[in-house]
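So this one's two forms of a single chain, laid out as structure tokens and tagged structure 1 and structure 2.
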Structure 1
């Protein structure tokens, strides 16, 4: 038996998939920005000489490292509203889950990058009279950024792929839209092939952009 490929029902619902792709990009972009902020704060806390600052940040990071991502989605969507006696829409719950978990992973990327900067750089900056904040901003972070870049991109790709879990909260990102298209067309092979291609195009474009950015960032070497 040979399967008769037929993409026409999917092409007819193309705007739906495109809208899903747009939502995937949107949720990923917001989660990356928030995740970077969360990650920076966590990294700086974990590098602090004070134990009472380090400890909570370590607990946070370990929690996310040792629990499955989908549990975070469910927790923010079903559990947090009970605790706070509010209701969260799927987008907000998904963004919270994504940005906290990616924050935990970004924190490790940032911490590794910061710690890789040689002692001489810190001392050169301190010897000029720079405060800790100044030397971080002017000397350490700009250099760490170039070293963090590759693992940062890696993590961001993980995050983009993890956005598919938002479909479990019925948020209309690409995978959820695909499930809808599938239930209307009963063409899983074509639908999920199309979706895989869309993710592929998205991520390949992102890595092309990343390479351009990396070349800029490391121009001084």
Structure 2
């Protein structure tokens, strides 16, 4: 018997899926901004010549790089409230999980980009009397930004896809809304096909924007 595709029940609930897509974009945007801040701090700590600064940052990065993302979601939502005797709603817990996890990966992107600048340029800038801040602003970061851009975008795309794990906390992102639609329509093929297409449109759009931004960054250099 041939399966009869029917998207009409999904189209009737399209606003629910679009609301989930909006929540996915919202949580991803917040997590990327916070993740960049966390990543910058961690990268600078890992580049520090002082071991007491490098070691905690290295432990943080290695922990997040070697543990499953879903564990981070569960820990922030179920364990942290017990430890601190507070309550966290799913949005806050998901943002904390995503931003700390992505921060660990961004840190390696930033650190790798900064360390990729040839040692001769560092020494030449110091010979010209530049301070460390001037060296970073005028010499290192403009070049490192171009080299870091592609891995940064790739990591950000991974973060967007990881937002689907927020559904395990009952946060109303795209996948969670899709599960609600499926429970009402009993059309899993159509529902999850629509979800895949929405993720595809979102990430292809982000990819196009990233190419424009990369071209402008290269032209600016």
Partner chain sequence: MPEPILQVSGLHKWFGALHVLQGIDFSVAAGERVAIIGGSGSGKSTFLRCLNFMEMPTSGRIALDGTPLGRVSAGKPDTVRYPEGELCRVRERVGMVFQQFNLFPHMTVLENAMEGLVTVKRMKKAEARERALRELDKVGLGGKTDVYSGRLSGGQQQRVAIARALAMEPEILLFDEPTSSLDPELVGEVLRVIRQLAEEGRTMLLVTHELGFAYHFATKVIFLADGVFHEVGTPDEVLKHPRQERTRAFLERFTEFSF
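On a predicted model such as this, the values are computed, not experimentally measured, just so you know. Think of the rigid core as the biggest set of C-alphas that the two forms share within 1.5 Å after superposition. Positions refer to the first chain, counted from 1.
Between the two isolated copies of the chain, the second is the form predicted alone. The two forms, fitted on the rigid core, differ between structure 1 and structure 2 by 2 Å or more at the CA of residue 139.
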